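Structure 1 and structure 2 below are two forms of the same protein chain, each written out on its own as structure tokens.
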Structure 1
Amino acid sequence: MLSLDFLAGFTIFMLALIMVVSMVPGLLAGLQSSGIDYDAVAYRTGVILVEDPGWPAYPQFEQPWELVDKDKIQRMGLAVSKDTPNVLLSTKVERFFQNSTKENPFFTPEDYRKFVIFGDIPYSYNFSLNISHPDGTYGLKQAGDPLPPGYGYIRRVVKIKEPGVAVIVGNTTSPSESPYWTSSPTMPTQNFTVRLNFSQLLNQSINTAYRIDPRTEPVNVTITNFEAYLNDTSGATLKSVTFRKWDPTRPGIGPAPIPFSYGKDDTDYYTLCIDGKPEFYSPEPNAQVSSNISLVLKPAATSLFPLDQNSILDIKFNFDHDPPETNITGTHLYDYVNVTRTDLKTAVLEVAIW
């Protein structure tokens, strides 16, 4: 009697329990497929990347995040400055995607999670940046794993700011009309200087999206058609390239050289190419130049100095021969007139999180 009653009651209870339990997974499944949280994280990551210059950043710190060691990075943002959302700096982009698809990427998945994605859950991610070049081709940069179904997503359209280049072109048909050409070169050394006047470059009236800032971007100097500057020889000996910083507002302090070792392997700091040869030269190359010189001074080197609005940085190309082998002389200003600035390029940044 009692057992029949118990059986009936317990059966009703179990039936109801089974019905309820069978409802629960459906409830959860709807939640998982929507990927609400992933979309929110993807949006946040996109905002950090596109609208923030990261931390540390100029001018509060000497070196921005793309130049410091990993343990000093707080946050990775790609924007040129916080006033220019959606305009990304190419050096930051390069660092962010450095070797990202190769064997040993610069940033590990943990780094990406720690510096851009944030959050308690170890999210998987896929960042891609598709840069549209003026010639109609696309350059794709990617980091992360292949996309599974059901990821959170955001797409941001951006512009990429790339460094400008100062090109000095010799006139081979009538050499005497070349810029910085002299008929009476100095003895015994012939110097050609490229001067970076920071009071001109860091002019506040120029929008940061178009500003030349050697502290964050490479300085490119190229001399082509060097034949025009040769003084009846087949080549001129480039003895050294020196980098000196001085401050006209502080006359007591003399020019100081950039404090880095002059080894030819330091491509993180500078690259010096002569006559289009594939190898890199040290700043004391003692090499023959016959057609062109190309120098890139990277921000990692310029940021070794405390550079401010008053600083002047001289890049001196020193030719040393008696009798003179070259007719180049003078000072080329690396400023908004002489530097060919690259147009901003449209690109699409996609962030996927799951």
Structure 2
Amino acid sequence: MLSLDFLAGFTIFMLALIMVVSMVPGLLAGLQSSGIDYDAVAYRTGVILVEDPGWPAYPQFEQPWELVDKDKIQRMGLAVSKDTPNVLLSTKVERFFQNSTKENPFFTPEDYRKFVIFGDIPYSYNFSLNISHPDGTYGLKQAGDPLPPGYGYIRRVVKIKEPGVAVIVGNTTSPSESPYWTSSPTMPTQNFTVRLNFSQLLNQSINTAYRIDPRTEPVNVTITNFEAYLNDTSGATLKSVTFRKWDPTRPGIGPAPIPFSYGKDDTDYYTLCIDGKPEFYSPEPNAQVSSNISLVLKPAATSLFPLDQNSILDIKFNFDHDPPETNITGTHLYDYVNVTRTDLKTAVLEVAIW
């Protein structure tokens, strides 16, 4: 009898012990160290930033997340595309770290939590991107709060893709040898066109990390040594710069202007600088040019049109004066031959979560 009582008691004791042991992890869940959890959140956030282009994204939508209103953003990733992990697009980087003032930033802490970190816990964060420049210096972009004594952390080495530049250089020593120079300018109007042929630019055989895509990055055009094109004058009157898109596969449909105001300078869409002056002009400057012209057409402008591999975009510089003041004419192709593309920049992205 004693053995049976002992066996029954021991069995009941073991069952009770098993139940208690199974309940202990749940009881201690709130007391476990949060470091591993923060490290996991930091790792996940780093993956989203450097391996994902965000949402909305091309080509599924007409505008990527960096060009839409905040209420349309679902996820903020910095990668050029899903096919190029660890290669970031400069326009996405600029938008992500866009903080006009600390008191009135473009993205609020809640935006970063909602579009990058995710989760139900209101995490604190610090994002920093340390960019290496060719001259050996570094540029730091940062968003978030100062780092506390303890936090979850991840570091990723990345590359940054920046837009190329089409540079047209006049030959001041022998002006007649300058590209697009003519000895018999049209009276009284002279036009010079920069043409973007998307069937060439969006060539699928070119890796997206090196592809020229005006839908997601700025178009840069610079004319230097403009004095080589002057026709015995101190300057030429740049009347206007117009932007027109057309589709050569659709006969009978002519070029259509990009639908934004040409009468004012709007740095969200374009910047036009003349002779290196520290001011921006509208695309209807009616101003004198003597040495250089610099134009940047931004993705916010090109995204106003549906652009595909059949599209052609013309940027036309119109000089108007009687008698003619300049000898520049012709069409410059904005392509992989005539656009100078910089090497991918090295940078270090650090994500801290606590």
Partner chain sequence: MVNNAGQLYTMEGVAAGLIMLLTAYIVVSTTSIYTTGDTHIPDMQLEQLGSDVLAMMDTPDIDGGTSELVGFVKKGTGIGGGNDLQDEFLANCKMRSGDPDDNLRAQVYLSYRTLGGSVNTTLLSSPDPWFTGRENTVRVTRWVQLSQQPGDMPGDMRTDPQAVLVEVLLWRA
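Residue numbering: structure 1 sequence, from 1. Because the structure is predicted, anything quoted here is derived from the model rather than measured. Under this definition, the rigid core comprises the largest set of C-alpha atoms superposing within 1.5 Å between the forms.
- Source of structure 2: the form predicted on its own.
- Once the cores line up, the CA of Gly9 ends up 2 angstroms or more apart between structure 1 and structure 2.
- Aligning the rigid core between structure 1 and structure 2 leaves the CA of Ile18 offset by 23.5 Å.
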